[in-house]
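As a starting point, one isolated chain is supplied in structure tokens, in the form predicted alone.
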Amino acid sequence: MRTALLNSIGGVKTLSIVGMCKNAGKTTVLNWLLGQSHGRVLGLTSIGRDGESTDVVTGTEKPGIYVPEGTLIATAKDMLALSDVTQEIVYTTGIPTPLGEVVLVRARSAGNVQLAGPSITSQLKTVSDLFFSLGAKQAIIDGALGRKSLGARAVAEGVILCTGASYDMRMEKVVSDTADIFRIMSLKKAETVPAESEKPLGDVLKEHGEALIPGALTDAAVVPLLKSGVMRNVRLVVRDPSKVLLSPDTLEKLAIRNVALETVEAAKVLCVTVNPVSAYGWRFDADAFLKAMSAAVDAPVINVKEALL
């Protein structure tokens, strides 16, 4: 399984790790990847805060982020005093956060770090470019809860999607919802992009049979068109997978009506990791969880509790 994970990220310059929930095993995956650097310089940042020993939302204990010497780190200035690596500040970005300006530091010793990086896609792209200009071979973006926009190609070439028992007590719901997110993040890249129009979506579909969705694609916009019969045998193109905010039921109805859902910026989910142990006291049968998730997604599935510890 470790080999499968390494193979899946091979050749990917910018990688994001996105969690379906808190305590999904995201930090375990990140630490394992950092441990596989083998002398390669890696760049590391986070959208949101990470690296603290106790989760500030759930109050549960969590692993710290341990970086090897030479790692480039983009984090808010206030986080520097909470990290125990020897730090060399190599660049000040001017990017503001509630915890201070984002600065780029080089770890001059191995140790634990805390991250609080930029929150805007364009800023993440800027930070990634800076990593490469300073010698990084790969940039890793630690994705905060709910920020699935990290799946956009504008930020990362590849995504590792992390899920686990902490998402819900019902295994079938964890598998089903993770599979829905996987499908959205794996939308087909549009070969052609329709022209943007100011006309109502229904009118555009009647005239052209396809439409570019400039903002979010929501149930509120789609369901009335499903009821009217317009939403059948047409093509919808979104800017990137994060713009698809449709319920599983609506997605299923689109598929039944032969609606092609495509994206300008195509994300690639490299693998799905599962954590069968919840931070809230319950756990799933590890083999059953792995088997069910493997059947639900078209990607390697890895149990972080067995394969990466």
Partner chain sequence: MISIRFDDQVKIGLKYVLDSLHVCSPFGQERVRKLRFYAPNERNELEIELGNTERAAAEADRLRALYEQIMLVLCQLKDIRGSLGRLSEGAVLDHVELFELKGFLLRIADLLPLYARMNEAVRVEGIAFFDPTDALDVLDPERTRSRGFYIPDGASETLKAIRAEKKRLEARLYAAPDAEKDAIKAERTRVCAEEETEERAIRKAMCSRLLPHVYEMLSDADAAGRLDLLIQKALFAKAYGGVRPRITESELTLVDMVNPELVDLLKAKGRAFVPVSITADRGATVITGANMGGKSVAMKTVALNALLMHAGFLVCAGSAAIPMFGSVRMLFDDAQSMQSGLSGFGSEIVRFNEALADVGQGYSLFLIDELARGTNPDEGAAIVQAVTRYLNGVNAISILATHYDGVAEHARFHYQIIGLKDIDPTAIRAELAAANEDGVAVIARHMNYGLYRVEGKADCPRDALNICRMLSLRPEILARIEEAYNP
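On a predicted model such as this, the values are computed, not experimentally measured, just so you know. Positions refer to the first chain, counted from 1.
Beyond the structure shown, there is the form predicted together with its partner chain, which is absent from this document and is the topic of what follows.
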- Exercise: residue 90 in contact with its partner chain in the model of the complex, heavy atom 4.5 Å: yes
- Message: Considering non-hydrogen atoms and a 4.5 Å limit, does its partner chain approach residue 80 in the model of the complex?
- Response: yes
- Message: I'd like to know whether residue 194 contacts its partner chain in the model of the complex, with contact meaning heavy atoms within 4.5 angstroms.
- Response: no
- Task: Indicate whether its partner chain has at least one heavy atom within 4.5 Å of a heavy atom of residue 32 in the model of the complex.
- Result: no
- Task: Would you point out which of 161-169, 108-116, 201-209, 224-232 contains residues with a non-hydrogen atom within 4.5 Å of its partner chain in the model of the complex?
- Result: 108-116
- Query: Exactly one of 157, 84, 180, 219 has a non-hydrogen atom within 4.5 Å of its partner chain in the model of the complex; which residue is it?
  - Reply: 84
- Pick from 103, 213, 190, 185: which has a non-hydrogen atom within 4.5 Å of its partner chain in the model of the complex? 103
